[in-house]
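Next up: just one chain, as structure tokens, the form predicted on its own.
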């Protein structure tokens, strides 16, 4: 066991901890995730990204009982910032990251921010908690169709959808494919829009050499179990603005000043209030724990190789499935972008002699897990009927993605044999239709 794994707290007996660590390493060695087996083939949508190292790291704060947000959370935030972000504020989920980002930009103390009744452009193809925070903060989502090639928000339609009330845009970098951010920045400049980037499934992706999440006023990420790296549950907000980061930290934890860089200023203004419990704004409790951060610290160095594996998998699938391009829409990487391939999305064309459910049932029966594309067209979800929103025209492409789209696993655990098996089963299915 290496010294960098040892707990820094002197109250833990080092020898005892080493014995615990060795036991964990032995357990993981004896219970390795089995490699792909042709005798019992199975390709899951996701495989755990963590192992003994992360579990050993997580045990240290549990033993010391220093489990609430502290030094490890700060170290995890600093480490993530080294990817290319000036300020990082961690939270307990990607959904919470979206909520915190929207709440910050729409807070009364945020000068020139969003205000109740303002409209925010959002793609129809998204996850529910891309939209819910807008509604929860009194904003009006304007649903815009996607571009069929990239699966991202159609910026030409977005421009046409703007009204005098439109003050923001919340793009989603779908499955790790960056939006066309130069065009979006131009649109935002022209229309006076705040950009909040939902990059929850796009960690490791870049546009024109710059990481996604760094273009808007705030970017959000998820470290959920199935994402590029994990803290089991977790998320991150990133921003270039020190004032915005300050707002995020205050709102993240109750609205108090405990984690504020301006704590002394607030305390001086309110000397009659105990500084331990001084509240200067509204807030939530969205904090990450030290246990989760300990895992995240050990996951960060694995992000780049994980993304590289996903990219190699996607290139293989795209090449091998090219003969079926008359029947499938494949996602195309945005020009000037580097895709981080959260999954490998496919849409069955309307002209195909089969439906998406036909091929997904076939793949599932062969042990290959599939899922729909994100949450489908959010406009079709019944919850939308309960709240004010505006649809910017029809949504033919988002409807196609919802009705005809699917994805199978594309992660660090997909080996050469698993990749070949997926393609073989697609070939087998297509031969049913004399293709």
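Predicted, not measured: the structure shown is a model, and the values here were computed from it. Positions refer to the first chain, counted from 1.
What follows is about the form predicted in complex with a small molecule, which we do not show.
- Only one listed stretch (284 to 292, 99 to 107, 257 to 265, 124 to 132) carries heavy atoms within 4.5 Å of the small molecule in the predicted complex, and that stretch is 124 to 132.
- The putative spot formed by 147, 331 and 346 is not touched by the small molecule in the predicted complex; no residue has a non-hydrogen atom within 4.5 angstroms of it.
- In terms of contact with the small molecule in the predicted complex, the residue from 169, 205, 200, 218 that brings a heavy atom within 4.5 Å is 200.
- Contact annotation: of the candidates 313, 152, 93, 230, the single residue with a non-hydrogen atom within 4.5 angstroms of the small molecule in the predicted complex is 93.
- In the predicted complex, at least one heavy atom of residue 234 sits within 4.5 Å of the small molecule.
- Residue 378 falls outside the set of residues with a heavy atom inside 4.5 Å of the small molecule in the predicted complex.
- In the predicted complex, no heavy atom of residue 56 sits within 4.5 Å of the small molecule.
- Using a 4.5 angstroms threshold between heavy atoms, residue 374 counts as touching the small molecule in the predicted complex.
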